[in-house]
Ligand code: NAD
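One chain comes next, on its own, written out as structure tokens in the form predicted on its own.
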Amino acid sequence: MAKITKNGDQLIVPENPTIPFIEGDGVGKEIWQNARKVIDKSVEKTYNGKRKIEWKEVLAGEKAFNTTGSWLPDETIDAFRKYLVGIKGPLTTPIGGGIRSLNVALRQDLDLFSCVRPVRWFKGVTTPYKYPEKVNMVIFRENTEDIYAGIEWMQGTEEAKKFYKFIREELGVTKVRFPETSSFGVKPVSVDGSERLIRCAIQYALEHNLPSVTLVHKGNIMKFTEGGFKTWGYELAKREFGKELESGKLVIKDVIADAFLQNTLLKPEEYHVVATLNLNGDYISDQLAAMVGGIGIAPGANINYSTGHAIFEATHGTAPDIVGLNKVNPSSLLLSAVMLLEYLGWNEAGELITNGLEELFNASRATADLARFMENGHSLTTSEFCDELVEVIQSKA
């Protein structure tokens, strides 16, 4: 098995890299089995069979629990750590104690600090937004701090009582209105965590000739966490990218989160690359996805640009109500696979998939979730959609 490796800033990709995959829960099996055909055909077609991905299945979620008794076996983490790059379908969140989210656990164990979510419109996709073609952004959402740190104490517990006693007696906090019935949460936001995310967002903007990076925050209320994120971002930009700022090649700006959500509806063309904290990024990513057609066509990646580790994923849930009906939209996973191919430097193979998707959408051919809103929309099953996409890719010169 050929491993992807990293030498300094350079990712070293063999012709036949081994890439671990998690099939996923719920509709995960359906979208993976069909999307895989498309990915393999695009690579084969682009490189005339000289390149090929060797897929290696690893387990997580219900399949892992039923097979091994563990929701997230150590072997899965080890495989992603060893092979650097992976892809996954949607995973269920276990009910009860233990892991709060398998997705969060993967991101934290591998320190995948950048959640990267590009958002763009595809011709032919009907949306509730009047000018979806104006939406073209890449969101860099911090993935390891803020609410993802998960530091909480439930109301009524001894821990909550101790925490309140400490902040009242030692820190002089008097603003808790109902201390006896309050749960408490702490959100850590660090200089190091903020800087490494913002640095990656800036580097992405410069590499892709995008004119601005916007820091989105709630620093008007939370001045030392969210406000710190903004301040540290400006300081980093001045310190490390001074020439680019002076030349006008790079513009750094900031917007309060609620204003940003409004602005993206009114003037989305003013934003290109966005860097933000975890909770803000969740809201922003989903609103922007809705503006271009929904989360069914929203790709995502979780990346540590320092170590090279990256997991690309479908951004939607497991959709238990349509499992086995062959109607789920595979586009989120397909577009995440495009991001994976671009990460490997196999951009041409990614373009084949992207152009193929747009060709089908423009012909009003899509899965039911999109086709029902298209003029003269033709609804395809998951397998039919991917088979037609393979045919489109195969037809290209």
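Note that residue numbering follows the sequence shown and begins at 1. The model shown is predicted, which means the values in this text are computed figures rather than measured ones.
The next section is about a form of this same protein that is not shown, the form predicted together with nicotinamide-adenine-dinucleotide.
Look at 292 to 300, 172 to 180, 132 to 140, 201 to 209: in the model of the complex, residues with non-hydrogen atoms within 4.5 angstroms of nicotinamide-adenine-dinucleotide sit in 292 to 300. Though nicotinamide-adenine-dinucleotide is absent from this view, in the model of the complex it lies within 4.5 Å of a heavy atom of just one residue from T127, T264, N103, T76, which is N103. The partner is absent here, but in the model of the complex a heavy atom of H316, alone among K230, H316, R196, H309, sits within 4.5 Å of nicotinamide-adenine-dinucleotide. Taking the partner from the other structure, nicotinamide-adenine-dinucleotide in the model of the complex has a heavy atom within 4.5 Å of a heavy atom of D321.
Contact annotation for E342: none of its heavy atoms lies within 4.5 Å of nicotinamide-adenine-dinucleotide in the model of the complex. nicotinamide-adenine-dinucleotide is not drawn, but in the model of the complex it has a heavy atom within 4.5 Å of K88. Proximity of S42 to nicotinamide-adenine-dinucleotide in the model of the complex falls outside the 4.5 Å heavy atom cutoff. Residue D369 is the sole member of 360 to 381 found to place a heavy atom within 4.5 Å of nicotinamide-adenine-dinucleotide in the model of the complex.
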